[in-house]
Structure formats: C-alpha cells, structure tokens
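Form predicted on its own, single chain, as structure tokens, below.
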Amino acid sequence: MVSNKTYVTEALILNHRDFGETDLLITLFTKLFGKVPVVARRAKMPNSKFSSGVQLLNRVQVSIGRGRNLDHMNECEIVDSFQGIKSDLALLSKGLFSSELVVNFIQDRTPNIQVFNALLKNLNDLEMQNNIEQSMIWFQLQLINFSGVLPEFIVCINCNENLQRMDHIFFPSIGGINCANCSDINLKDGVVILEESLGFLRHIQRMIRSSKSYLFDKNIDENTLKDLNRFLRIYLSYTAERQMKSTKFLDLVN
C-alpha cells in the first residue's frame, strides 16, 4: 500500500543534471502530477539502481517520496527505453527538442495529461519512424493549444474580419495577423506564413473550437512542412522567451 508520503506514477524522463557529487536532479513529466523535479540519490554511482532507468526520454514507472524541499526517487522501472530513437542521431535530436519544449512550456506540478499523451505519441512515432516530420508539427501544435497560447489564424487580430486566402504576416507580439486594412508599420517582429500553411492552421483551429477530434487526415507537402517548422520555431522561441538549446543539435544533425 502506498502511503501519503509516497506516490507512484508513469513518467517520461525530460532531463537531468548533477546534484552534488553522487546525485542527479531529474525532471520527470508524470502522467498524474505534471512536471516534477526529483532527486535520484547515488544515481551517478556505477552500481546505482537508477543508472539505466533515468536515461533521457525513458518511459518509466516511478515511486517517489515526498520531501520538504525536493521529492526523491525511491524506485524506477523502465516501461520503454525508446532504443530506436537513441540509436539514431536525427531521431534523438527531435526527441530531445520535444522534451525541451515541455520543460519550457509546462509549469511544475501542473497536471496536463493532454500534453503527456501528445509527447508520448510523438516519441512512439519517432520510435516507429511513422510520419516523423508531421508528428513533430502535430506535437508542437498540441503543446501550443494545451498550454493556452494558440494564436489566432482565422480573423484579423485588430478588426476581427475573416482573413483572405493568401500569404500573410504573423506577429508573435500580438498573437495573430493584421489584415491589409489594419497593417501596422510599427510592428517589427513579423514572420510570413504561406497560404497553404495558414490554411492548415485555420483548419486545426476550427476543429479545436468545435471540440472535434483533430487528427491529421492527409499528408502535408514538403514545402508546407518546412514553412510550418519555420513559423513554429519562431513562435515557440518568442513565447518561451528563449531559444531552445536543443535546436543547435537539431540543426547540426539535420
């Protein structure tokens, strides 16, 4: 029986860093409790019971003891180590990028099962090499949506009129697009979104607002994928107020 001083949950290992001479501070993304920092005692020792379990991107079942300042890991059982991802630098770079996004966008101890499931599906897609680029786009859009920072793609952010089907300039600082009649020369942070990309984003937003299941129902052409990736990187960096460290690894590998 688990006491109120311990809790058991499924989790994904997002990152870790040294914590003293022998311990590691692990960032877990748990299914039930959100993002939780925990100390894995003696995890850096060669004979540690945690040495294999706390590797990055592992899916684990953990028992955690509550602490006054930091919780500590009691047990860690590997559910899936995603060895296919870790054996391929291109896949690994994408997996680390996805996990870093969660670190930056999800607050500690704020449950978000939608983002947990989205990240888990993303890792499974990478492991199975299933529509990799589309999976990356899809995960980022779900993260933005479930984090509450999905921009406006359907109407002008200023006058609320429907946007015409054409290339537009998106402004991260206002979270949307000004139509031609509302263009503001004082806004300097604009990024062009191609008509095809905007059409896809509008389709997603309409399904979100209608509470429908919004899954990819067709393949996205390569040019649109590149444009969506470019837009999402700019918007995510702006929203997180930092450049993702893993993007350097991602760019180098790809």
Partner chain sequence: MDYSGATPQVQRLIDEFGRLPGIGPKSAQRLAYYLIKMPEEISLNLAESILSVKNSIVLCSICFHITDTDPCNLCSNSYRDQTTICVVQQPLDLIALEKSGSYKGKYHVLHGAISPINGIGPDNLKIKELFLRLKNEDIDEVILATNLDVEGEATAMYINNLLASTGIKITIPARGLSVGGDLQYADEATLGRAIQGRQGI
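Numbering follows the first chain given and starts at 1. This structure is a prediction, so every number in the text was calculated from the model and none was measured.
One more form of this protein, predicted in complex with the partner chain, exists but is not displayed; see below.
> Just checking whether residue 92 would be counted as a contact of the partner chain in the predicted complex - the rule being heavy atoms within 4.5 angstroms.
Flag for residue 92 set to yes.
> Is residue 56 close to the partner chain in the predicted complex, meaning a heavy atom pair under 4.5 Å apart or at it?
Residue 56 belongs to the contact set for the partner chain.
> Determine whether any heavy atom of residue 7 comes within 4.5 Å of a heavy atom of the partner chain in the predicted complex, and answer yes or no.
Residue 7: no, not in contact with the partner chain in the predicted complex.
> Contact with the partner chain in the predicted complex for residue 99, defined as at least one heavy atom pair within 4.5 Å: yes or no?
Close contact exists here: in the predicted complex, residue 99 approaches the partner chain to within 4.5 Å, heavy atoms only.
> Taking the partner as it appears in the predicted complex, which of 166-174, 79-87, 110-118, 149-157 has residues with heavy atoms within 4.5 Å of the partner chain?
Within 4.5 Å of the partner lies stretch 79-87.
> Is the partner chain in the predicted complex close enough to 15, 21 and 252 that every residue in that trio has a heavy atom within 4.5 angstroms of it?
Yes: 15, 21 and 252 each sit within 4.5 Å of the partner chain in the predicted complex.
> Quick one: which residues from 140-156 get a non-hydrogen atom within 4.5 Å of the partner chain in the predicted complex?
Residues within 4.5 Å: none.
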